[in-house]
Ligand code: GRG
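In structure tokens, the next block holds one chain alone, the form predicted on its own.
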């Protein structure tokens, strides 16, 4: 078996496990209204839960939970029951961000992962609520890791991981980056390079950082190792966004699973628009190789899946 085949099989195996974890934490599509003890509970269908599950389970490569799992494994993590709620939580946060990003007020996209976007299927109101629901569900789910805590150190790791997850998803992370991305559309930006870096680092890289850091924290890694995983996540995430910028110019809708050419039409600040295609390809390669060098410094081997996945993302076609 070739290395490529081995990596593919291992990635498929882990992705299948992550899908099973997500299934375990899906919100029920029938809601229960808590009533007084003497009254019968009222059960109603929840369209918002159906919309949440539609978006969460509509495919995707599950890259962020994959990196979290691989970081956990890299540092010798053992408590899988503590990790699994965080695997689901990071994917819920990522999916909520996609639902809101696709809304008419944001990117106004009708396709995501080759399927109709949430607001096209369920309407804008339910898409907004589905995103809100997934964000809140992510923290409900992550807190379930407390049931797998066996000693005080586990609880410390839980709190630290929750702090990283919530910060990287918030205004000092993904939301802050998305906000500046929207604010800079169609505008003449004086400090284009600094603005672009801020957008890349926060809108995209923050969740990669969260994935790698939470995996390391939950495995019991030390402070220096967690800091290194944040640095690696930054480089992988920025490379991921650069590849997205390139594919928006060179990709085809059928392959991408979403509408290409939107960045130029909406005058977005991208690596290609700021530096040109040649520089974008150079920076993509540089960030990828720097990420792999840093992974090696924390103990990853050349034939580890986490190294292969890092390279794979730089070459992906969707």
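Since the model is a prediction, treat every value here as computed from it, not as a measurement. Residue numbers count along the first chain shown, from 1.
From this point on, the text means the form predicted in complex with the ligand, which you will not see here.
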(Q) Please identify the residue among 175, 246, 148, 120 with any heavy atom within 4.5 Å of the ligand in the predicted bound form. (A) 175
Q. Is it true that 115, 251 and 259 each have at least one non-hydrogen atom within 4.5 Å of the ligand in the predicted bound form?
A. no
Q. Taking the shortest heavy atom distance, is residue 316 within 4.5 Å of the ligand in the predicted bound form?
A. yes
(Q) Taking the ligand as it sits in the predicted bound form, is residue 240 near enough to touch it, meaning that at least one heavy atom pair lies within 4.5 angstroms? (A) yes
Q. How about residue 204: is it within 4.5 Å of the ligand in the predicted bound form, going by heavy atoms?
A. yes
Q.
Using a 4.5 angstroms cut-off on non-hydrogen atoms, would residue 228 count as touching the ligand in the predicted bound form?
A. no
**Q.** the ligand in the predicted bound form: contacting segment from 22-30, 55-63, 269-277, 283-291, heavy atom within 4.5 Å
**A.** 55-63
Q. In the predicted bound form, which residues of 84-100 put a heavy atom within 4.5 Å of the ligand?
A. 91, 94, 96, 97, 98, 100
